[in-house]
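Coming up is one lone chain in structure tokens, specifically the form predicted on its own.
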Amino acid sequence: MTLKPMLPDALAGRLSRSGVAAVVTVENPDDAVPIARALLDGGVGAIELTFRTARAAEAIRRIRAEVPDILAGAGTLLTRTHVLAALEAGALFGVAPGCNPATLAAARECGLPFAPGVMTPTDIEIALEHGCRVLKYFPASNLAGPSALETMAAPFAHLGVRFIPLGGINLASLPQWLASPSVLCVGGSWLAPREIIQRQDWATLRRNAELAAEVARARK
């Protein structure tokens, strides 16, 4: 039986058009909406709110309510409880650092579009068994770069597998990753680092987004 893709084509298309997805950890939900607006104003159309704080779900709820034009997802989903909390908060997609079959099953059961993390061909095979063809490549900076990704992806290319590399990527390395044929979009925390959020420097955040969006547009 062929499983329905875990991340629909329309959603994958939005991620591809954005080119970049900001990975953000929010401590104070009051910062969530200004962050999302700064990113969107700068041209970045997707954001992943990590479930590394107790307030992540509230941050997603606020963004979905007040900045509906940005594609808001949840990251660092490690358990079924995380998956259900992300869905209840209104997350449009979920991402995990690894490929836990139990978490994959929970996402499929509840209907949350999902991209598990992979770093080996075996991880990819596990993901494919669950209908996942959009995968997080993590930690990208520790895995020998885009050339290594293309080598690993080659046996699966005919299945339409695409990747979202994250981990250690910055503006300088962004063009190299976006040039990789297997890359759907690139995730990065450099857009909204903790120090920018703590001082609520939304102008700098918007500028970071503008620079990233300029690189993303150049690939099209």
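Start at 1 with the first residue shown and count on from there. This one's a predicted model, so the numbers in the text were calculated from it and none came from an experiment.
The discussion below concerns the form predicted together with a small molecule, not included here.
Taking the partner from elsewhere, Pro34 is found to have every heavy atom lying beyond 4.5 Å of the small molecule in the predicted complex.
The shortest heavy atom separation between Ser182 and the small molecule in the predicted complex exceeds 4.5 Å. Within this chain, Gly168 lines the site of the small molecule in the predicted complex, having a heavy atom no more than 4.5 Å away. Taking non-hydrogen atoms only, Phe138 approaches the small molecule to within 4.5 angstroms in the predicted complex. From the list 147-155, 54-62, 39-47, 160-168, the contact stretch for the small molecule in the predicted complex under a 4.5 Å heavy atom rule is 160-168.
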